[in-house]
Each structure stands twice: as C-alpha cells, then as structure tokens.
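Next comes just one chain, in structure tokens: the form predicted on its own.
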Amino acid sequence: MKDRFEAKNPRSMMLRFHTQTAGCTLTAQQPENNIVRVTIQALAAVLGGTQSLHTNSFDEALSLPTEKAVRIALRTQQILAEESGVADVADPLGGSYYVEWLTDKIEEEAMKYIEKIDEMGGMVRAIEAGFPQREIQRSAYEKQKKIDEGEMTVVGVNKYQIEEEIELEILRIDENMVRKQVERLKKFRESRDKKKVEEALEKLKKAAEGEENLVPYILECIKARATLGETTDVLREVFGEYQAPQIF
C-alpha cells in the first residue's frame, strides 16, 4: 500500500481480511462430512490470522441452511475460539518453515496476476476483456476434471461412496414470512420522508452521470432511508447492467 499507492496513514497499510469457508467444497453426498470440511477450513483461517470469519452450514449444497445447520456452523467457531486454544496467541504457527514458504509462493503467484492485469490496463479493462472470468472458468474446469478422473479425492463423491438416502431437514420458506416481509417494506416506505429520499437518489444519479466519488452520495441515500433496491436501480439506470462477455 505504501509503495504502490503511496499510503501515508499506517492504518491504511494494515492487512485486514475476512474469511468465509469454501462453499464450493460442500457436497450434496454425505452432507455431514461438510461439518469436518468447514472445521478444517475455519481452523486454517484462524491460523492464517483472519480478523473476521464466516463458517458455512453443512447443508448448503442442498438448500438454504436450516436453523440446526446454522447452529452447528456457529458452534464450530465457538469451539475453535473457546476450547481449542488456537486463539490464545497472535500467531500460533509463527516460525513454521512450511507456512512461510507457502506465503512466499502465494505472493509470487499473486504478483504474476497483478502484473498481467497492470499490462492489460487495470482491472476494469481486464474484466471487459473477460480475463478474470476466463481464469475462474479454467480453474473450475481443471479442478472438476481432476475429480472426475480420480486425481483429486472428494470423500463421498469419487471415493468412499455409499448407497444412501439423504434424510435431512430441508429449509422451506414459509409464504407467510414472505408476505410479512413485503408488509414490513411497505410500512418502512410509508414511514420515511419521501421527498428526502427522492432528493438523495437524484443527487446520486447526477453524480453517477459525472466523475464524482459515489460513496458519499450512496451513504446519503442510506441515511435518507432509501432501500438497497432503490439505490442500485439508480445506478443501473445510469450505467446499465453488467453483461459478462461470452467466453469459449
């Protein structure tokens, strides 16, 4: 941050990061195995120094999580934090040669991407050219190919399979809850100062049509009690909706 962007405030040079366990590793087969996967990933995040952590629920390959699954995900974090001892010191893996080597390797490979994107003219140009989308698709294809060919093991999917009938409670959204939420939104809109909302949204639109920093205007909209949908609708009106380029 200091060398590349000439940051002056030491706080803006700090690396703060949030970690979410990998939803792409969750399997519909033998879904209880996902509890173990999430635990290992959460432990890795803590060992890596994350400041914020989200643990996925074990049933998310099948549906939105049930209350039971959410509670297990929460307890996973609480057991790590309060029973395992892993959070008792700032850097429990400090001095590990392997971790240091991996860190250097990640930095080296990340810099290759950063330099390539710089050569393309920056991230916006890279997205317009379909570069990050293409890389994500390539990575996903290569991983799936390894799984299909048995080169990469996914327990319960391509190894240690069993004949099973999945008997999990699946979350069903109560239609009454949907109606209640719609009613809440109606009441929210009726209780606010409509003129203030309209003025804030209009200011955001004019700013979006120019070259100004939009963050202050977005904050003004939220403070005026504009909804997320209303705020993003204004931006869609000005910028349109992003369409990913066709990638083959």
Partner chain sequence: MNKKEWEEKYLEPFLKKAGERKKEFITASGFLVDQVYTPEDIDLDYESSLSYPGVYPFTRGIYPTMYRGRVWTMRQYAGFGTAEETNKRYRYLLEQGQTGLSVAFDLPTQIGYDSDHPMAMGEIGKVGVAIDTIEDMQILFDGIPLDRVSTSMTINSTCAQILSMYIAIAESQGISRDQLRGTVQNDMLKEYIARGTYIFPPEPSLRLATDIIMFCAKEVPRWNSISISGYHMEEAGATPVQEVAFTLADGITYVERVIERGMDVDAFAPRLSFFFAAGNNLF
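Under this definition, the rigid core comprises the largest set of C-alpha atoms superposing within 1.5 Å between the forms. Positions refer to the first chain, counted from 1. The structure displayed is predicted, hence computed values, not measured ones.
The protein also exists as the form predicted together with its partner chain; that form is not presented, and the subsequent description refers to it.
Using a 4.5 Å cutoff between non-hydrogen atoms, A129 does not count as a contact of its partner chain in the model of the complex. Proximity of K180 to its partner chain in the model of the complex: non-hydrogen atoms within 4.5 Å are present. Put simply, K194 is far from its partner chain in the model of the complex: not one heavy atom of it is within 4.5 Å. Of the heavy atoms in V99, some are within 4.5 Å of its partner chain in the model of the complex. For the stretch 15-43, the set of residues having any non-hydrogen atom within 4.5 angstroms of its partner chain in the model of the complex comprises L15, R16, F17, H18, T19, Q20, T21, A22, G23, C24, T25, R37, I40, Q41, L43, in sequence order. C221: CA moves 2 Å or more between the shown form and the other one after rigid-core fitting. Once the cores line up, the CA of V197 ends up 2 angstroms or more apart between the shown form and the other one. Once the cores line up, the CA of R184 ends up 2 angstroms or more apart between the shown form and the other one.
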